[in-house]
Structure formats: C-alpha cells, structure tokens
Ligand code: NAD
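So this first bit is one chain, no partners, the form predicted alone, shown in structure tokens.
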Amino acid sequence: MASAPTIKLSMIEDDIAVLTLDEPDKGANILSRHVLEELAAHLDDLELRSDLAGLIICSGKPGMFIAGADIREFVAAQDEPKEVFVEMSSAGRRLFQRLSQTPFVTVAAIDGICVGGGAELAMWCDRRLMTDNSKSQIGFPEVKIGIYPGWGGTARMPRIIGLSNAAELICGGENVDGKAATALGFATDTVPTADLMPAAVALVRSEKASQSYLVDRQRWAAPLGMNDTELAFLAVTSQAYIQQQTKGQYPAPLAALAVMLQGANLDVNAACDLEANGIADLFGTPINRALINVFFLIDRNKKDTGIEAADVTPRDLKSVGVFGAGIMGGGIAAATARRGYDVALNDLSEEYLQKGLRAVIEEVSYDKSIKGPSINKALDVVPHIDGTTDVADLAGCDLVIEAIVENPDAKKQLYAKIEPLLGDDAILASNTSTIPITRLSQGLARPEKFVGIHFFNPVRKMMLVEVIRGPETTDETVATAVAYVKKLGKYPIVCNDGPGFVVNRLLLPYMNEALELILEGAPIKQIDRAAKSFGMPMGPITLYDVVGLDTAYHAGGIMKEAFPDRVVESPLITAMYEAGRFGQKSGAGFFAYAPGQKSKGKDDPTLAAIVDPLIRKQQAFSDEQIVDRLFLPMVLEATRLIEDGIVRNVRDIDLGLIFGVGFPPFRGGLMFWADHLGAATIMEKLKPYESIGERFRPTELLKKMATNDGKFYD
C-alpha cells in the first residue's frame, strides 16, 4: 500500500508555487526516502513550467519545519560498502542542489525546528526566512551522531555565512534561533509567524525584480578564495578548541573542519564530492554506531509512557508542592515553575524557605541574552510561586514532592502530616536517591498514589529522572509522574523498587572499587586519569568530593545493608567521614579546595596521614586493569538489575547512566558497550578478578549469554 503524500503543491499566487511538507500522522517532518522522491517529482514538474516567478517551501506543522533525515534508513546502510554511502550522500545533495538551479526563485519559509537534512534543504534554497517563534531554530546536529552534514552542508554553508561561522555551527552541533541565523546571513529576515507567507511572497517579488539571487548563485558555487595564512590560522585555532571540547574522543567535528578547510578553495561541486567521501569514512564506525544508539535511546524515551497498558491516561496536573527548600527542593521547584505549573515551596524553617525562594526566582528568571535575571521574567513567574512554612498550604496540590534529608524516619514522619491533607487523587512522591519506596510507603493510607520521583543534582542541568514504582503504585500514578517529568523537558526512566534504584545501584560498584584500588596501592591520579580516558566526565575520586563523602558514607550504608555479599564497607570512606573531610562542601576531601574555587581541587599533603595507614598492599596497575576493575562490576550489577526485574528494558540502564552520571555517549551506554565487548570476552576479563569476591563473579545471565553468544540489546 502506497504511503500517503507528505508534500502538497498549491499556488499562493498565479506565478508562485508552494510546497508544503506535512507528514501524515507524525508530529515531525522527516526526510525519508519516499519524501525525497516526492520532492524530486514535484521539482521535475515545476522546472518544466515557464510561468513561475518563485517557489516557497514551508511546513504544515506549526513549530516544526523539518526534523532532519530518517536515521533508520541510514542505519540500514551501515554495513554496506563505502561506495553505497557515498552515493546516498551525493544523491541527496544533487536533489537539494536543484533548488539553487531552478528557473525561478526558491525560498524556504521556516517556522519551527529546521535541523540536519532540513537545514541543508533550506540552505540550498536561494533565500530563507525564519519566524520569531522561539521554536524556530536551525542547526546541524550530525556531529552528535558521529558524522557531519552530508547533503552539501559543509560545502555551501561556508559560502553563505563564512567559513569561520560555518565551522562553529557545524562542528559544535548546536542550534541557533532566527535572530542569530539572520545575523549570520543564513536567513534574510526574521518575521512574526503570521507574516511568514506574505513575507515569503514579497521576497520572491523583490528577488525576481533585483536578480540578486542569480548573483549569489554564482558566488556560492565558486571557491571562497581564502589565502593560505587565513586557512592555517582558522585550522590551528579551531582544531585546538575542538580538541579541548571533545578530548579527542569524538572524531566527527575534526573531520568536518578538515573537509571544510580542504573544500574552501574548490568549486562547490568538488567540495561536495570531498564531503561525500569523507562522511562515508565516519559512517558505520564504532563511535557512529554508539552515538546513533544514544539517538535511539532518546527517541524511545520520548515515546515511552512508562507503563505497558495502552488504556491508562495520565492525570492533568495544575499545581505542584515541593517540601524542602534546599538545593534539591529548590531545583525541583524552579524546574516546575519554569514549565508553567503553580508551585508551593514549603520548608519548616523560614530562613531556609526565603533563601530557597530567592534561588528559585533567580533561576527561573534567568535570561541568557543578558546573562542574568530578567525583571520581566521574574514578574511573570512570581505570581505562580508560593512560599510557606505551613504544611497545610500544600493541601490543594495535585502532586507533592518531598525533598528532605535522606532519612527514612524523617520522611515517614512528614508523610504522616502531609497525606491526610491531600485530595483523594493527589500524588505524593519522594525524591529519595537510595531508600526503597516500599519501605517509605509503609503506613500510608493511599500507597497506590505514592511514587518515587528522583531528580539528580543539579536539577537545572541533569536530564535524567528516575520514576520508581512501589508494590502498590498504580499505572495511572506512574504515567502521571512520567508525563510530569517529560513536561519539565527531562528523560524519565521507570523502574521497580529496590535499594539505589538503577543509577545509584550501578554507580556504587564503580565508586566502591575506586576506594579498593587506592587501598591496593593505585595512585589516586591514575585512577581518575584512567576513568577520564575511558570517557567519564570526571574520575571517581573527584566525584566523591563533588557528591560529598558524607552523602556517599550514608548511601553506602544503605547499599551495604541491602547487598552485604558484594558491597565492601571501606575503612577509607569511614576514616574520611570521621575526619570531617566531606569534599568540596567542607574544603577538603581527597583533594583540597580553596574558598570560591570548589571546581578545582589541589593535592593535599595532609591526606597521606589518613590514607597510608589503610593501604593493604602496594602494587602497580595498568590503566586497562583500572578500567576493568571500575566498569566490569557495573556490568555485573546491571545483569542483576535485569535478573531482579528492576528495569523494564536494558535501554533504560544505558539512558540512565549516560544522563545520570555521564557515562560516555561515544560508547553508546554501559550495556551497548558490553555488547560491543561480547559476553564471552567479559567472562575472560573477569577471571583474574574472581578471587576478589562476589562482585567479580559472573552472574547466571552473563554465563547464559556467553554460551549462546547473546546480546543484551536482543
């Protein structure tokens, strides 16, 4: 059965055609093979006409122009010979290039997201208009999946906006809005949404009269004409910046820069040929496959309701209460208020409440353009934020999130006060990071309305939120929590109850093993360096200082109680805790921190007095051994999560670790990385360490997979 058409032809005036993209039954327009074939067929017909002054390309979806190419079609070609992908790239470019060769003016009228292949389609038009809608953004995110624009982006963009600007846009992979795109010269103008089509018609008329688009067609097809000194300077400065940002672990930005520099003084067709050959070298590499996997993890999460039942509708929340005005509570309140909810922030302490309220208002009213709080934004949001020290003021909230100290007794005492005040349909949630929801729900009158909603610190930056269902939590409660988290613009993963849930349960073996390595003679700096070389944003020892050794000490106690056979009670963390060395917050942990410079720790000569007496033996480790010691226990614990039924899908593990603790995206996720190694290889790697204890002994699931040559992603 033929697919319903995506592109519709109409005439806005007698001599101006409009092609409107509106993919049926989809929230976004995607440039799949059949859509490209439709575009080619329309151009075949339109190019034969002698009565056209212009063609306008627009979208029928408000706030959405084109979301890019169909990644699944690219994945299907990953194992094809290089020549196949070179031709895929060249064919797409030749199609779009026709927009710059028609006997009439072509204008892209952009309202909404215009990225990847969509930005390349717009780029090949003679002119581009964008709306002032905040959703209207253009960008080339291809480097985020390990490639670069392959339909002419690296060749034509430098000719339109300049090589330096194009390098920044393409190598950085970030979007820019209409105002910035106009300043760059990508867009001719930025107009109100209601004026987009009239402005596009007027632009066709003015270009037809002035013929300036023909001048630009010639200019943008020619070499840039830059001298060797200019190119060399741009190469050195850009390469240094990219290397600093990527730490050499993401090859696509450097490859994109190289192809732009090499093509700068060629004609556009030769530059496009360079592009097609270069991108084919990146496509299908392990890093490309890993980053595409991350793309699919995010895409799956966006569609996941958090429950298996299809007939459950999440409740519509209007007001959210947050108990606890500290760092976490304040962060949750700010994230919630920013998305238009009415928020009641509660704390028993007036002092902490006022401090928390100031922080919330400052965060919500922050304006990037002025790099500080905006008075107008503050005036808009203040009426929707209420501060109170009276628990009764939370009575009318649809959802109440508790974010107090990680102490089960304190939390349960608070629930006893709050729950009787709430409406029958209201949801009570805990932001606990480790305490089982089952334990916290004991004594509640409505445990079916109780759920864990675990945000990560700092809430403003961290995209992951764990939604934890207790034994009696209903599907409606879970679905409502998931919908709420998604409205905040974050990624919720739903898991069943258990100590540490998903992320902290997997993080603990990694952190715990780092302490054991110290006690076996591994230098602290080598441990951190090996982890960072693997791709972690910081080493585990530095992470202890950032999280707080007091927090780690208490969390470790909970996990030790739950898993005594494989959680080591480290004498080192106990000694650090008793010495008051809590990390950045106290000015000293494994490193020393000067006041106001918490982000950078320095060596502390006083640390040896605590560490040295506890070292059990002195031995040398290779970086590979340290990586195995840190990450193999994580893989084993992940297999236990699967065996215990804590996670619904192994992909939730990978999404959780990437966005919860910064597991390197270029490895695709913990389980994706494990599949890349292979279960049999992991079994071999574990053999030298099995004598250490249970935490290094293969699980039944891993043994089965090694025997059957299975994959976690299967």
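Everything numeric in this text was worked out from a predicted model, so none of it was measured. The first residue of the sequence shown is number 1, and the count goes up from there.
From this point on, the text means the form predicted together with the named molecule, which you will not see here.
Pick from 325-333, 152-160, 482-490, 248-256: which stretch has a heavy atom within 4.5 Å of the named molecule in the predicted bound form? Within 4.5 Å of the partner lies stretch 325-333.
Would you mind picking the one in A337, M634, I404, V478 that has a heavy atom within 4.5 Å of the named molecule in the predicted bound form? Answer to the contact question: I404.
Of the residues S433, Q584, Q137, T131, which one places a heavy atom within 4.5 Å of the named molecule in the predicted bound form? In short, S433.
According to a 4.5 angstroms non-hydrogen atom cut-off, is L348 in contact with the named molecule in the predicted bound form? Answer yes; at least one heavy atom of L348 falls within 4.5 Å of the named molecule in the predicted bound form.
In the predicted bound form, does N457 come within 4.5 Å of the named molecule, counting heavy atoms only? It does: once the named molecule is placed as it appears in the predicted bound form, N457 has a heavy atom within 4.5 Å of it.
Report yes if any heavy atom of Y352 sits within 4.5 Å of a heavy atom of the named molecule in the predicted bound form; otherwise report no. Result yes; Y352 sits at the interface with the named molecule in the predicted bound form.
Contact flag, R127 vs the named molecule in the predicted bound form, heavy atom cut 4.5 Å: No, no contact at 4.5 Å.
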